[in-house]
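The chain below stands alone and is given as structure tokens, in the form predicted on its own.
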């Protein structure tokens, strides 16, 4: 297990280094002029030349990449050309909102996917009433689900807000649900939950179906195993058989799909945040692209890519814990 963990950690580090190199090369070959984004289109030639020198854009490519890696290791992601603030400061302001949205969306996706899988594998009576609409909703793109949700729950039913995050001030964690609970603010908690619910469900629908389908197939195969039939012949209830004999042996494929879907959620959050005016890094990235704000774009891409790599590494570890044979 120790060798497996070291191998998985090493591969994750290598992937992050490759990701950083790709991001740097894409930034270097771009035809957009970062100096104009930094100074504005009307800057004088002297100001442009001085800015290129101060930003290190006239240095050879290998020197710039070494500087990029050195700053990255030190936690320096540069200064945003658009906001003129350190990118780290911007990420500290926007990342908690995205993390809260994606994490709650992931919880919803796992719960819906688990219910979809168990109800299908055990053939619960009436489960098609739940599974059918979920399958239909999963075929729609997230932006269409978001717009439909806003029309239905905001414009027609008036029960959920259409945009924003709720209370204006965040606490020490940056997670509004936690901060409002800690502060003893039930009204703020209710508002934050209402603002979070619709975008979280929209982001969770497609991953829930992906996780649920894989888990249902795995559960169905395991339910047909000899040891499960033996447990059933001993008079154990279906829930006891499921809990004691089926779930652990069926977790591997579901965990793999959950890790992939978590990474896809961080990629899809950009669209959802724009539609719901959610103040996260998706909106930050969308505002940075038109202005060729390379430090901000590179930082957000690197953060999202690193989260994806780390999430999949954790999934591999969890799979090895569930089935030690995988760490051999």
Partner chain sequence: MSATGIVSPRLRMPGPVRARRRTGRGLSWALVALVALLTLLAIFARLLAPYDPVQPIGALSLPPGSPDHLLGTDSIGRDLLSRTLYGIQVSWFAALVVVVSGLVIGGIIGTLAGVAGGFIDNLLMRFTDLFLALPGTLVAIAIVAALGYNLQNTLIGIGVVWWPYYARIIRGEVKALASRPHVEAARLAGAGPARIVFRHVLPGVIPTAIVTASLDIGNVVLLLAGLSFLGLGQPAPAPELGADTARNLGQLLTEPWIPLIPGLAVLLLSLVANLGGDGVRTLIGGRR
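None of these values were measured; they are calculated from a predicted model. Numbering follows the first chain given and starts at 1. Here, rigid core means the biggest group of C-alpha atoms that superpose within 1.5 Å across both forms.
Another form exists, predicted in complex with its partner chain; not displayed. Remarks below refer to it.
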Counting only non-hydrogen atoms, the one stretch of 106-114, 91-99, 151-159, 187-195 within 4.5 angstroms of its partner chain in the predicted bound form is 151-159
The listed residue (176, 255, 87, 206) that reaches within 4.5 Å of its partner chain in the predicted bound form by any heavy atom is 206
Residue within 4.5 Å of its partner chain in the predicted bound form by heavy atom, from 63, 50, 289, 69, is 289
| Distance check, residue 249 to its partner chain in the predicted bound form, heavy atom within 4.5 Å | no
- Using the partner position in the predicted bound form, report whether residue 43 sits within 4.5 Å of its partner chain, counting heavy atoms only. no
Taking its partner chain as it sits in the predicted bound form, is residue 122 in contact with it (heavy atom to heavy atom, 4.5 Å or less)?
no
With heavy atoms only and a cut-off of 4.5 Å, decide whether residue 318 touches its partner chain in the predicted bound form.
no
**Request:** Run the contact test on 141, 271 and 301 with a 4.5 Å heavy atom cut-off to its partner chain in the predicted bound form and return yes or no.
**Result:** yes
Residues in 298-313 that come within 4.5 Å of its partner chain in the predicted bound form by at least one heavy atom, in order, are 301, 304, 305, 308, 309
key: C-alpha of residue 278 moved at least 2 Å between the shown form and the other one on rigid core   = no
Once everything's superposed on the core, is residue 292 shifted 2 Å or more at the Cα between the shown form and the other one?
yes
